[in-house]
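Single chain ahead, written as structure tokens, the form predicted on its own.
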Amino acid sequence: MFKYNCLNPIAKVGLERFTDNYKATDNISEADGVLVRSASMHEMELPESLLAIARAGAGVNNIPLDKCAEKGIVVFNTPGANANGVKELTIAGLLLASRDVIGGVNWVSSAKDDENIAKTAEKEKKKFAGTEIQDKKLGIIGLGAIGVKVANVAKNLGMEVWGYDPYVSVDAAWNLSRDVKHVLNVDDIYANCDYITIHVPLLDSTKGFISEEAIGKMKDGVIILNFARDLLVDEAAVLKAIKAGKVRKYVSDFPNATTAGQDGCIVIPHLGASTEESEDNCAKMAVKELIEYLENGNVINSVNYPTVDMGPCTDNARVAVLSKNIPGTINKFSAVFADLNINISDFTNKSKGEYAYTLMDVEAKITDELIAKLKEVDGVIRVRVVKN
């Protein structure tokens, strides 16, 4: 029996995927797995019994990844599960910034008592005139699940789409329209595009990616869209550029004191993935990842440990070892099994940065002695019996 704890409300359609072998608990100290959306876990005391955390969403800045890795807690996210919702809002932001729809709607609301509003509107509407997006250049920074979807829709809307992502995956490349111009230097995006949207994860290396220097390289009157994370953009520099006439509009899905209510800014209350469909998809994927890890030891879509998938165990037993990424560790594991005359029928070892994950299927029962000896190997963080 596995126990799971929900730190935030998780869509019922996801929780229904748990079998009778799972039980919900309000006490995180007795949970094997945790499901979370936006709750901050940085100040939480993580129990030694906790095996995994599944974030029902893409961003994981609310989870202490290094702390979890050091304790042998695998952290999952759900890349692509909310991609369609974010894509649709990004396209909406593109249109709202091009045509002053919001200004026009607000004017109509303020003039509601004007009996001749239709005639007045004909005089006033020029204040809200905008531009069309067809034949304009859209630059997309980050061609992951969301960036690819935005690119394909924009192309179908008649835009010329430029994409920048030095790490574009094979899957993303297959799904990307062949008409998208893939550039290898982000400066090409800055120099040529009328609209620029960013879709990369928030990392130390991407914080402030769109900087004052980057803005200085952009075309005059550029429109910048940010539906990824507010800290990816130097928003103080954006406000300065708006006042100088360099940036025409800034659209963000992340309200904060810097941009809220500022001229030239369209700030949306973090609605990107706030659709029923996105929340359902994220919940289903998060639960699936948790079940796969708890029952089979497989790691899929982890952000702090490598991907390892050996399918279900068909042998007598399976053991998982989470460790530091130290050369020669696999040989030491093999030696432990050999000393106890236990045959390894199948194994996989992968590393990700400082950490490694090893999954081994064996032909004999896993004993306390075996577990104790594996724990003695230098760099081992956690030894877990998946099946016995």
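Residue numbers run from 1 along the displayed sequence. In this text the structure is predicted, and so the values were computed from the model without any measurement.
One more form of this protein, predicted in complex with a small molecule, exists but is not displayed; see below.
Here the chain stands by itself, but in the predicted complex one stretch of 100-108, 233-241, 128-136, 193-201, 193-201, has heavy atoms within 4.5 Å of the small molecule. Think of it this way: in the predicted complex, the small molecule has a heavy atom of just one of V161, L290, L225, V86 within 4.5 Å, and the residue is V86. Of the candidates A121, V168, V183, A92, V168 is the one whose heavy atoms come within 4.5 Å of the small molecule in the predicted complex; the others do not. Proximity of I141 to the small molecule in the predicted complex falls within the 4.5 Å heavy atom cutoff. Interface residue remark: G272 is counted as part of the site for the small molecule in the predicted complex, having a heavy atom within 4.5 Å. The small molecule in the predicted complex comes within 4.5 Å of a heavy atom belonging to G80. For T206, a non-hydrogen atom is located within 4.5 Å of the small molecule in the predicted complex, even though that partner is not displayed.
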